[in-house]
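Shown here is one chain on its own, the form predicted on its own, set out as structure tokens.
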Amino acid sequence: MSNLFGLVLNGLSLGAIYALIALGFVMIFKATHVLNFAHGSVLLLGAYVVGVTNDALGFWPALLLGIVVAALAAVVIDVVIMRRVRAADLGTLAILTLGVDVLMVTELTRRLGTATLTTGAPWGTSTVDVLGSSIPLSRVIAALVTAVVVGVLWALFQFTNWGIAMRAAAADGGTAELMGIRLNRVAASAWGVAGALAAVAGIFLTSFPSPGISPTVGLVALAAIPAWVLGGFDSFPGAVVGGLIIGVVTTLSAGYQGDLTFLGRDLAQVTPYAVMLLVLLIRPSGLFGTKEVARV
């Protein structure tokens, strides 16, 4: 029972990181209806910037620089590429983001080579004991950061002009534009915020117990896609709940892999998608998604 409790706690802390990534997916989809498969490479870019600058600048300035670079990269993707084809169908837009992802990951892989960078995070390899279970301090901090981010995003959406513009653009872009809301500005800001969230998630995703920053980080980040789809493409609460569910499922699958060998190897990489498919068979729009949202 204690082993199960420890796995669940670690799963929830991992799920908090997935939730941060999934929030970025939701942010972009609500503002532009784009399935952004370049999100993982933006995350890798933010982590890479921190990894190559933390020795010279220190961790916190390097983190700020990584967040800014990732946010700017996301905005550039929107302004230079996506804005020109805004009226294209969802499939075309998704394929474009896949192309951007391939280009970014290829360049970052070339720069990284065979080296594995570290972020220089001050929490290092520290762990926290929770009722007899050991949890990496980085994931505890990730859970706290996710809670703060969710609270801030909720407040921004409810009480600011930017939030009103975002909600109007998501509900009816045409009418919102007629009312004076600049959809391009709303889209760029959504991409920027999503890029910043990706960079923050990247720091935790590449901290202990992960080995560090490597080209595979972008692929690991895409493990948040089941969380995004499970919660609902356009739902912020769904992104959080989906992230926590997928985190727990992943950790339990890895923890009990030895007892489930008859199901094959690398079970933890498969079960999130199995859970996602099972939920979608019952609720095609996800747990909290809007039923009218179009999908590829």
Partner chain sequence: MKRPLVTSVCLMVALAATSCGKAEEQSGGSAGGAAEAVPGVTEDTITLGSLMDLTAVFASNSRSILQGTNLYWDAVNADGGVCDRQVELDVQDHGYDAQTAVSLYQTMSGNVLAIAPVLGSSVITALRPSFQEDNMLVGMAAWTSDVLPDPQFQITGTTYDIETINAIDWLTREHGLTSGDSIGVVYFEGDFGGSSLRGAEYAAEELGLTVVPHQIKPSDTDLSAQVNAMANDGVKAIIVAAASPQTASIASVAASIGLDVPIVGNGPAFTPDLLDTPAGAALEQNFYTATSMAPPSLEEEGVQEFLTAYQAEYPDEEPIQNGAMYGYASSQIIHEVLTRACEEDALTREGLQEALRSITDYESGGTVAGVLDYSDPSVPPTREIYISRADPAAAGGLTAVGDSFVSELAEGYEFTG
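Computed from a predicted structure; not experimentally measured. Residue numbers count along the first chain shown, from 1.
Although it is not shown, the form predicted together with its partner chain is what the next lines describe.
Discussion item. So, G151 and its partner chain: in the predicted complex, are they within 4.5 Å at any heavy atom pair?
Written reply: Close contact is absent here: in the predicted complex, G151 is far from its partner chain, nothing within 4.5 Å, heavy atoms only.
Worksheet item: Going by a heavy atom distance of 4.5 Å, is T251 a contact of its partner chain in the predicted complex?
Response: Contact check for T251: yes, within 4.5 Å of its partner chain in the predicted complex.
Discussion item. Is it the case that S189, even though its partner is missing from this view, gets within 4.5 Å of its partner chain in the predicted complex, heavy atoms only?
Written reply: Heavy-atom contact with its partner chain at 4.5 Å: absent for S189.
Worksheet item: Any of the heavy atoms of A16 lying within 4.5 Å of its partner chain in the predicted complex?
Response: Heavy-atom contact with its partner chain at 4.5 Å: absent for A16.
Worksheet entry | Contact segment among 142-150, 67-75, 191-199, 122-130, judged by heavy atoms lying within 4.5 Å of its partner chain in the predicted complex | Comparing against its partner chain in the predicted complex, the contact stretch is 122-130.
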